[in-house]
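First, one chain by itself: the form predicted on its own, in structure tokens.
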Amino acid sequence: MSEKSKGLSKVEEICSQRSGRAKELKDEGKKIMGYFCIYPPLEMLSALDLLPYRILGDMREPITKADACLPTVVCPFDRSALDLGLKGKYDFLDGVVWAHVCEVGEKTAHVWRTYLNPAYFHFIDIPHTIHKPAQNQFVQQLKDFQKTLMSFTGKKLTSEMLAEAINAHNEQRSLVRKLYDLRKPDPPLISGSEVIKTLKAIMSLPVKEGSELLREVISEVGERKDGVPFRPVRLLIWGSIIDDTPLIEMMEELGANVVMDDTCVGSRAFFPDVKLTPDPLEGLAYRYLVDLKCPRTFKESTYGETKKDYLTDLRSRFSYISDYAKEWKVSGVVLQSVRYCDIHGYEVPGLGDYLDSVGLPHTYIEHTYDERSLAPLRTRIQAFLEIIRS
């Protein structure tokens, strides 16, 4: 990576060869720990001087090996990530950490372990409910994770080390929120595609290095005079993973600025902080189980407990979406999901009803995590934008 590169040019450089910096650090003796999805607590890795490296897929890479290990009628993102692993694209990882996000994710984790045989492998069986017994169970899961990490690294993981790492990651999350603040003006100061690239870049770097890159981007974007053009529609995009720019770029080409998101390479991954607690594992458990807003985790229903109506229950689950819409002046919402993602697909009817109740226009699209699958969606997005503008 060029030392002269700054801000968005450095982001472009990292994204063009995402593993480059990790391999440099590996050559210097640092261990690289791959993680899948947003649920493994990264603070526990950073505290032991491991580089957390987000395992992603590649929309541009045809899947040719993973179909021998997973059915073709399951999550194409999981299949893509596994395919890259089977092709040796993640051979620089010293180990991997997986969490129970969904049933397909769990199966992918164990296929990865069997076929790729990493030197370190840990699977966190995270609960799917948020009540207190589930939180206590998750703390025990994190204690098991702590033991295997200490055995792998030969280092003791103390509460002080964890607290320092929590502060470092909270600082990075604060910078991400500042980055998102730059999307509030009309036109926004930074585009949706630039945000995705920036977050993808920092998911490839040590936490403090990523935070420095965020500072450079925020400073550059705040000063530039020729940034994002005005577009008449401001969109929020919700759903399963978007880790590349083609879908966002298509919306921008059609006359919309994507100014907010609720996806796991976006606000969902970065907005909640970890609260410092006497036992740091309790704060981590609360943040990753309760504060993260993903359909894989079920909130307690207010409908069954208090006899309130259906919309009251929807408000308890989705009111943060309308809060985002107000704060970022959103004029429409695109609900999107990769095909076969049940946890997001099942959420769409209820979320659609909630958006109707607050008067937010919305549409739902499904794709196969493949650039070619986006072309047929162009007309649907264009029609949706025309409805908003009319």
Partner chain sequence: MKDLGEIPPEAPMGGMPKPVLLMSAGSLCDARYKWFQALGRYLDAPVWVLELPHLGVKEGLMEGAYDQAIRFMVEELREFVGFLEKLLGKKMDWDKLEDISNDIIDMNRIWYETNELRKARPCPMHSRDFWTCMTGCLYPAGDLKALKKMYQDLYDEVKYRVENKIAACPNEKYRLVFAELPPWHSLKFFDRLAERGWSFVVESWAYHPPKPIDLSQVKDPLERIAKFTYQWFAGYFEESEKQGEQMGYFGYPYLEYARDWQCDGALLHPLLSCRTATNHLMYVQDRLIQKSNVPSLVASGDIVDLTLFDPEDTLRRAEAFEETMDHYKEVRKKEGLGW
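Numbering follows the first chain given and starts at 1. Predicted model only: the values in this text are computed from it and were never measured.
Not on display, but discussed next: the form predicted together with the partner chain.
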(message) What I'd like checked is whether R113, D125 and R317 together line the partner chain in the model of the complex, meaning each has a non-hydrogen atom within 4.5 Å of it.
(response) yes
(message) Going by heavy atom distances of 4.5 angstroms or less, which of E253, E300, D91, E223 would be at the interface with the partner chain in the model of the complex?
(response) E300
(request) Identify which of P206, G283, P295, G266 has a heavy atom within 4.5 Å of the partner chain in the model of the complex; exactly one of them does. (result) P295
(message) Even though the partner isn't displayed, in the model of the complex is F230 close enough to the partner chain, meaning a heavy atom within 4.5 Å?
(response) no
(message) Considering non-hydrogen atoms and a 4.5 Å limit, does the partner chain approach D67 in the model of the complex?
(response) yes
(request) Flag V74 as yes or no: does it have a non-hydrogen atom within 4.5 angstroms of any non-hydrogen atom of the partner chain in the model of the complex? (result) yes
(request) May I ask you to state whether T277 is within 4.5 Å of the partner chain in the model of the complex, using heavy atom distances? (result) no
(message) Only one of 131-139, 156-164, 239-247, 210-218 has heavy atoms within 4.5 Å of the partner chain in the model of the complex; I'd like to know which.
(response) 131-139
(request) Can you tell me which bits of 73-112 touch the partner chain in the model of the complex, meaning any heavy atom within 4.5 Å? (result) V73, V74, H100, C102, E103, V104, E106, K107, H110, V111
